[in-house]
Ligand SMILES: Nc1ncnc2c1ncn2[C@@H]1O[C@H](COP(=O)(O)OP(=O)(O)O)[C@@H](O)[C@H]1O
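Quick heads-up: it's one chain on its own, the form predicted alone, in structure tokens.
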């Protein structure tokens, strides 16, 4: 599989406060890479640094072989990386159709490109086709998340950073969203998934890492992560990890 995203020794934070420290991982085409960890572990900061919303203090980010370290998001997005932040961040006064059109900002091709890419989004999320004239503020939480993903797909990214897509959604809607991510993976998209529902995230993922206090505590396949003490320690504390190891 082609390596699309390479993060090497990446560190970042806010002002003088370090949050992410020396993180390494790679993501390939057609792969879902899960990043899990407790609250405050640095997951959102890590994604924001990869996408250019935050400047790294050390390390590098390469996108399909191009060094994009420290680039602004508007330079990174045209190369094929799109970040969907936690909370979806939609414009309440814009319709579904307007959001999808906004996703094509600065993309050449005109109406034919818009039609083709809108059809792809509607094929993935049929409900959006029924709600093209609805404003984002009247959509359900699930529909808003589908719209956020749909807007990102209008750019036909190679790498999608997806931060906490299940927040506030009913389990049945979460399954639909995750099924869509699985389909995108099958189509060759690389997805970096930060998710609070650890079990479902690991079910979907091909590989992943556990982040604790801004550092990588473990990497591996979902089975390796679920079976190791690092995951339990990340969510339950050091005592849980020690107890698990002592019981073996």
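Numbering follows the first chain given and starts at 1. Since the model is a prediction, treat every value here as computed from it, not as a measurement.
The same protein also exists as the form predicted together with this ligand; that form is not shown, yet it is the one meant from here on.
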Original post:
Which pick from 19, 234, 225, 23 sits with a heavy atom within 4.5 Å of this ligand in the predicted bound form?
Top reply: 19
Original post:
Which one of 69, 44, 200, 57 is close to this ligand in the predicted bound form, taking close to mean a heavy atom within 4.5 Å?
Top reply: 44
Original post:
Within a 4.5 Å heavy atom cut-off, is residue 38 in contact with this ligand in the predicted bound form?
Top reply: yes
Original post:
Okay, which stretch from 59-67, 24-32, 44-52, 175-183 lines this ligand in the predicted bound form, with non-hydrogen atoms inside 4.5 Å?
Top reply: 44-52
